[in-house]
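One chain comes next, on its own, written as structure tokens: the form predicted alone.
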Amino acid sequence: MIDTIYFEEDISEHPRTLSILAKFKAARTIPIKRFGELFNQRKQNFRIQKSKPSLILAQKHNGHVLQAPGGFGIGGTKNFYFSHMYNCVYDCRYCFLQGMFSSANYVVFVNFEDFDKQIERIINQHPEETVTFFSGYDCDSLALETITGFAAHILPIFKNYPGSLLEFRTKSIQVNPLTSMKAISNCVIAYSLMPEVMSVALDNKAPSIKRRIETMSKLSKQGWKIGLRFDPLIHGENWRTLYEELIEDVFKIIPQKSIHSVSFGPLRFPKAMHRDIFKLYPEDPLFSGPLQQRGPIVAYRQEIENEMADFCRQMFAKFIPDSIIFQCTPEGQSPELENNERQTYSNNG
């Protein structure tokens, strides 16, 4: 799977570095000064790298936990996100990472304890509020768990803070350590979903929708809270019928008591990000219509967004109370976030 691993010299003896390297005994290992000198290089070919990514082991020096963008949340009063890893093992056609990163290589930050400290500091700063932390914004939370061990590390931290909430966003059916431990009430396992025919065309390398639903069912039976994430909503032929079938299938299998929240939002990109992704796929119909520029974003026409949002909300209301339904707005991926993140990568590199 991985035949080349770069590692920062400063963390060459870190126990987590050594543990990961031990899992790839045949891999070529190359020391570097800072991950940014490799990851942030200009004129890299994301598509070529995506066919065989390398692994980069690094230390994150700042920006361990960031405030979530506006329009992003599932009911908490304070929303933050963190990324122990950059990039994803999957190759979903609509993924914004391919427009945000120059490199398709995986970056794993081994200094988990620094994430812990900032998470605990933020929780302690808001003792009377529900603080939600999202994992899986810049990667899939669980897909490389067997390599990183991040979920196994962070779950005991949140067990100590039952008033806070942790969301793992994923498409993975690799659910250890979840299946080998008692469910934690303040952890949500959130699965990205779309109709199967759309997923086959767009969710390259990701598990099928059927297998994701089966995994959600398995986790719900063990007591884990499940999040349903219909994001992005994809417009196309027969979209109403396809989403109706998907939503009904999900709610037949996942009991209401196991559902923490349902969120949905349209396909949208910051203008510069859409430009970069379009260069990768100039012939892909997903990016050529019916999208339009609306201020700082490129999105479906407003009437399409409204129609899809109204339809989904009406469908969800058949099965769950409105209080656990959340609509993600187009501001959920803002140019300000993109610029701040690029600066964070530069500072860390």
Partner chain sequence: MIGAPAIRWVIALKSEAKPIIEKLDMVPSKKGIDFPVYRDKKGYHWLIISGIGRARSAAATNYLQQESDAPPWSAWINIGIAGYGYDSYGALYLVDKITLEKSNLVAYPGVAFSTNLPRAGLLTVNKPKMDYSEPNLIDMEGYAFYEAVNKFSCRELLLLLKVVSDGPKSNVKELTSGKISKLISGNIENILSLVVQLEDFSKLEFKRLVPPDICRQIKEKWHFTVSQEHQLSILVRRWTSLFKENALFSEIKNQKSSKSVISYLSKVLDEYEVDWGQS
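Numbering follows the first chain given and starts at 1. Just so we're clear, the structure is a prediction, and the values are computed from it rather than from any experiment.
What follows is about the form predicted together with its partner chain, which we do not show.
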Considering 70, 295, 321, 285, which brings a non-hydrogen atom within 4.5 Å of its partner chain in the predicted complex?
285
Of 121, 210, 279, 205, the one that lies within 4.5 Å of its partner chain in the predicted complex (heavy atoms):
279
Would all three of 4, 41 and 198 be in contact with its partner chain in the predicted complex, where contact means some heavy atom lies within 4.5 Å?
yes
Want to guess which of 143-151, 245-253, 164-172, 230-238 is within 4.5 Å of its partner chain in the predicted complex, heavy atoms only?
230-238
Using 4.5 Å between non-hydrogen atoms, is residue 310 touching its partner chain in the predicted complex?
no
Is residue 105 one of the residues lying within 4.5 Å of its partner chain in the predicted complex, judged by heavy atom distances?
yes
For residue 32, is any heavy atom within 4.5 Å of its partner chain in the predicted complex, or not?
yes
Given that the partner is absent here, does residue 61 sit within 4.5 Å of its partner chain in the predicted complex, heavy atoms only?
no
With its partner chain taken in the predicted complex, which residues across 68-103 come within 4.5 angstroms through any non-hydrogen atom?
none
